[in-house]
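Before any questions on how it binds or moves, here is one chain, the form predicted alone, in structure tokens.
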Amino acid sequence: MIYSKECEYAIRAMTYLAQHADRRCMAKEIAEKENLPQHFLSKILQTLVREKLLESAKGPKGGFQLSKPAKTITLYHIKKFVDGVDDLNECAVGLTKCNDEMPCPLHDDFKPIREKVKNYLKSTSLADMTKALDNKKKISKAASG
């Protein structure tokens, strides 16, 4: 697993917000539509507001929305603010001194995997996520129709 359940929920919620970028969405709506625990999601959303990935407003027309265009927010940004990214550079077997000069037994195998994961997270935006979901819905609709 490259991220926690909390980070997964953050990605799902932010992807939902990217899909509905024309309006603010309440935490309750996101939780219901994405089948997420509302109380836990609310805490996650507040973290993302503090980190300036989301904006929030109170009141009848309140809710959450992305603070930047979906194409500029990557999965790496979300992971960085929810889980941190130090684990993407850690030794595969947990050694404190593992690097190219003093590699662990798995170093040479895991280094390129870690780099691929980091590159994927850095290059995949919320706009990419919404596009992928739209394509998945089209395929699913065509298969069932």
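A quick note: this is a predicted structure, and the numbers were derived from the prediction, not measured. Residue positions are given as counts along the sequence shown, with the first one as 1.
There is also a form predicted in complex with the DNA; it is not shown, and the following applies to it.
Novice: Considering non-hydrogen atoms and a 4.5 Å limit, which listed residue (A70, V85, V117, A27) is close to the DNA in the model of the complex?
Specialist: In short, A27.
Novice: Taking the DNA as it sits in the model of the complex, is S4 in contact with it (heavy atom to heavy atom, 4.5 Å or less)?
Specialist: Heavy-atom contact with the DNA at 4.5 Å: present for S4.
Novice: Closest heavy atom of K43 to the DNA in the model of the complex, within 4.5 Å or not?
Specialist: Yes, contact at 4.5 Å.
Novice: Is it the case that P112, even though its partner is missing from this view, gets within 4.5 Å of the DNA in the model of the complex, heavy atoms only?
Specialist: Heavy-atom contact with the DNA at 4.5 Å: absent for P112.
Novice: Is K33 close to the DNA in the model of the complex, meaning a heavy atom pair under 4.5 Å apart or at it?
Specialist: Taking the distances in the model of the complex, the answer for K33 is no, it never comes within 4.5 Å of the DNA.
Novice: Flag this candidate site as yes only if R12, R23 and K52 all have a heavy atom within 4.5 Å of the DNA in the model of the complex; otherwise mark no.
Specialist: Checking in the model of the complex: none of R12, R23 and K52 is within 4.5 Å of the DNA.
Novice: Any residue of 53-71 with a heavy atom within 4.5 Å of the DNA in the model of the complex counts; write them all down in order.
Specialist: S56, A57, K58, G59, P60, K61, G62, G63, F64 sit within 4.5 Å of the partner.
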